[in-house]
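The chain below stands alone and is given as structure tokens, in the form predicted on its own.
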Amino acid sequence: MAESTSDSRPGTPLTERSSRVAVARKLTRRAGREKAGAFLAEGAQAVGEALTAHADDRLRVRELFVTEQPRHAELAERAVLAGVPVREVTDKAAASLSETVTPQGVVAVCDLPRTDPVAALAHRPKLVAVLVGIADPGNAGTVVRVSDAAGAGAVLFAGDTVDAYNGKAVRASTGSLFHLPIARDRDVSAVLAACRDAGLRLVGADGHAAGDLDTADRAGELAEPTAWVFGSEAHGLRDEVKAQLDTTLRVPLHGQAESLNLATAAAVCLYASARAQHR
């Protein structure tokens, strides 16, 4: 299964010191991803989805690194049939490409999508998630996964939000990153303007808002094409962002919990809109 390269003998697994592995390892850092125009997808689920996207011409997988384990044989075969180079690596080399405690031993190098918010919204989706200033990559990836499950048409990363292609964010999305357009712009106002131009109502999730999901649902507001805007885990949406929205809504809390974490609140909000839109 191993390919012959300049730093390995034919049939010999690449080590963590091989040039190909060293180049791929740079993609664990944002600067490396931006420079190379590529990112890493680790694990059977993510790699499988990446290969499907590759086969559908939605994204290019440049190469696949796998350890010699029977459970990776099917993915390796799919990659070979799709014309993707497969390189066998040692367990230590695979671990050097992983940011997890227990590496899965299969990593794909994928082209970094260069989609902007306007292009991501060109098909005028009825439901979109906008992340503003989200710091935790696990939360960001989970919101991508929830957005995919709820049928959203795009996820937009605005302002200082963490990189969507951070290793932890990619893993948390469990493959959903390959299912819908992901776009980024550091200009929050430009992202919100693009949503409005696409016919979307801008609704911010705010735990201190006067209105709540139940009231909005009864009024029929959630059935409208909506861009849900989610703020930082610690501070929520800044006042200058809220001033650009059509409204803000809170998730009603019927028990004694003080609040919901970001990913959970996003799931509740997105599904409330999805339910209303599909009713």
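When you see a residue number, it is the position in the sequence shown, counting from 1. All values reported here derive from a predicted model rather than from experimental measurement.
What comes next is about the form predicted together with a further copy of the same chain, which does not appear here.
Put simply, of A193, A149, A95, A82 only one has a heavy atom within 4.5 Å of a further copy of the same chain in the predicted bound form, and it is A149. Taking R184, H179, H72, K126 one by one, only a single residue has any non-hydrogen atom within 4.5 Å of a further copy of the same chain in the predicted bound form, and it is H179. Here the chain stands by itself, but in the predicted bound form one stretch of 45-53, 23-31, 224-232, 237-245, 45-53, has heavy atoms within 4.5 Å of a further copy of the same chain.
Not one of R17, G37 and D111 comes within 4.5 Å of a further copy of the same chain in the predicted bound form, counting any heavy atom. At a distance threshold of 4.5 angstroms between non-hydrogen atoms, N166 is out of contact with a further copy of the same chain in the predicted bound form. The shortest heavy atom separation between T142 and a further copy of the same chain in the predicted bound form is within 4.5 Å. In the predicted bound form, S259 approaches a further copy of the same chain with a heavy atom inside 4.5 Å.
The closest non-hydrogen atom of G220 lies beyond 4.5 Å of a further copy of the same chain in the predicted bound form. Contacts to a further copy of the same chain in the predicted bound form (heavy atom within 4.5 Å) from stretch 245-277: V251, P252, L253, H254, G255, Q256, A257, E258, S259, L260, N261, A263, T264, A267, V268, Y271, A274, R275.
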